[in-house]
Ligand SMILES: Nc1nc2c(c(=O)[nH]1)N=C(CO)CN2
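In the form predicted alone, a lone chain appears below as structure tokens.
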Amino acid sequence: MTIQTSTEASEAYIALGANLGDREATLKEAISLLDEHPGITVLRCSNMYETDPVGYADQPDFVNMAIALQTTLAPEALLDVMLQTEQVLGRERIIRWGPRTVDLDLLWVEGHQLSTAHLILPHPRMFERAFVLVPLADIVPTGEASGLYRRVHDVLEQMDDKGGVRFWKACNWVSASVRSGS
């Protein structure tokens, strides 16, 4: 597989969710694996939220969160890294919207609108899902230029049903570069 890179970095946002196994440990491992990639630097992590399942309801509650990252990867190459990360962490795609060890969704990549067979940017359902928007609101900076901050907050204000999203705990993940002092 060829990883497409660019000399120009973009800020991107990813939604993470898990409802099987040690949900918190799996999410933190996913973040670490992404951060270890040479084309990705994790910038910010949202709080973790426990959420009711959506779509297929006969399954355990999820823990959902979002991360902001800087990447030199093209959007489809970033998606490939995310799918590999899911595979490493035991993701099996058996039931649509069913139980999973981990789920990574590419929500937004600064300056990119894309519609291919494999990827649509911005994510086509992100503004319909409280379990995506609540964590995303934690990490999108007020002064960002694309309008994402305002749109996330406007949609959340208008959204009737946010009851299935409950604060669970703060994310205390620290990047490898911070841990090593680099």
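None of the values given here were measured: they were computed from a predicted structure. Numbering starts at 1 and runs along the sequence shown.
Keep in mind that the form predicted in complex with this ligand is missing from the display, and what follows is about it.
No residue in the set Glu11, Arg44 and Tyr149 has a non-hydrogen atom no more than 4.5 Å from this ligand in the predicted bound form. Heavy atoms within 4.5 Å of this ligand in the predicted bound form map, among the stretches 66-74, 153-161, 23-31, 50-58, onto 50-58 alone.
In the predicted bound form, His37 stays away from this ligand, with no heavy atom inside 4.5 Å. The partner is not shown here, but in the predicted bound form the stretch 114-133 reaches within 4.5 angstroms of this ligand through a heavy atom at Arg129, Phe131.
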